[in-house]
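What follows is a single chain, given as structure tokens, in the form predicted alone.
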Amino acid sequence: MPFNPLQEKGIPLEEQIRNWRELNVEPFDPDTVHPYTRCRVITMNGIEMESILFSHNFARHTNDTELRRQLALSRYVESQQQRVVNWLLPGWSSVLETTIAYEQVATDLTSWVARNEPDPYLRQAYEFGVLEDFDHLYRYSNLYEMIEHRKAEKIVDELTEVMPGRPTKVEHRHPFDNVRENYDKEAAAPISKLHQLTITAAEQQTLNFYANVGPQYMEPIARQLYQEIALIEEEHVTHYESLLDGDQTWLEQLLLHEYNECYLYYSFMEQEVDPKIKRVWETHLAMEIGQLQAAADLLRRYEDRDPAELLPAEVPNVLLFEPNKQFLRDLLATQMDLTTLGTGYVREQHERFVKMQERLHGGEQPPSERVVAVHEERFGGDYRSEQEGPHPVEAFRQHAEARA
């Protein structure tokens, strides 16, 4: 049946504050959890954090006391939701295990969005970025085996392959070339706006996570790899956030944030295989419906606009976590050598790109290359998990002796 959260009852915002017992959720078991359940948890934590940070920034750009109060109420409830979602992660998973799960999220979430994005320019932005997250999964997986002597397929469960993407060392671009053209708020499809919000939130979460956990390692190579990839995540946030039409009002954006949360909780509720976590998605969906309706009331009151005119009549096709192996292999075969120039994409290494590479690397091997080199020295080859055959680009195929 068609689902329109604007027309659902939900839980009124004033009734959504929960007590400690309700907030005390049981974490999933990392040894038995489905990898995509873990991915859904990580995704929704990023979505909730984005909502909270957006609300804080909105409050800092208005002097209207009543509006600030309404934002404070919804933000407090969102903060409780974020604690519930993030606390589903088990405390006994290592940072690197969580990191590999973050990169599985980035790989399969961005792949699904790219496959389902109707706008060609926006689709290219996601296709470009996902090859870099795919490479990060490969680099961290090599570090994981070096430090913890375990293999990443235990985490990703062969749903996502592990092999080189666009090499991290060539992902460092001049900041000017990370800014894309924005979509037109009047012409863009509603699903395009939701895609942009979702991927920006996921990348922002990843940036924050790496920037905070990287210094906790004692191993120099781990500290350096987190530092390097955190800088790429900064580029990715710039890349994706610039797709937003900045002419949307704060209240328009608030409405979209709340609708996107409804869309994602609904999507994840529909596909969740863990009964306990599915109940969390169901509860949070009912709460988000109430928050969406509160945001709609603010739009009517302050801008005299009908929120239904800004939103689809029903939620789009549910967002799915599913394998994207062939899609990624097709991208590897055709887009490995792309970089950016201005708001477009090129294959040649232009002057600004070359200068950035020289300034940053200074003729030295960056951490992302060294971590694979050290792994090869210790184990006789790099770590990969290739279920669909050798790498589609011959230059990036593993040596026969390393496969032995």
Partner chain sequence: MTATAKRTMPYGVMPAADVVDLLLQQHGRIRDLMTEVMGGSGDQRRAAFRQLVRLLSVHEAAEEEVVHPVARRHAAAGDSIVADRLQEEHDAKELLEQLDGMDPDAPDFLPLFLRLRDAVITHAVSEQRYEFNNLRHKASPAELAGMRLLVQAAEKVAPTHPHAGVESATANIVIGTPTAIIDRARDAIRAARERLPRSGG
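Residue numbers count along the first chain shown, from 1. Since we're looking at a predicted model, the values are computed, not measured.
One more form of this protein, predicted together with the partner chain, exists but is not displayed; see below.
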| property | result |
| --- | --- |
| Heavy atom distance at most 4.5 Å to the partner chain in the predicted bound form, all of 121, 127 and 245 | no |
| The partner chain: the contacting residue among 72, 320, 221, 213 in the predicted bound form [heavy atom, 4.5 Å] | 221 |
| The partner chain: the contacting residue among 67, 53, 374, 346 in the predicted bound form [heavy atom, 4.5 Å] | 374 |
| Candidate stretches 309 to 317, 295 to 303, 221 to 229, 73 to 81, one within 4.5 Å of the partner chain in the predicted bound form by heavy atom | 221 to 229 |
| Proximity of residue 367 to the partner chain in the predicted bound form, heavy atoms at 4.5 Å | yes |
| Close approach of residue 176 to the partner chain in the predicted bound form, 4.5 Å, heavy atom | no |
| Distance check, residue 325 to the partner chain in the predicted bound form, heavy atom within 4.5 Å | no |
| The partner chain contact at residue 329 in the predicted bound form, heavy atom, 4.5 Å | no |
| Within 4.5 Å of the partner chain in the predicted bound form: residues from 152 to 185 (heavy atom criterion) | 154 |
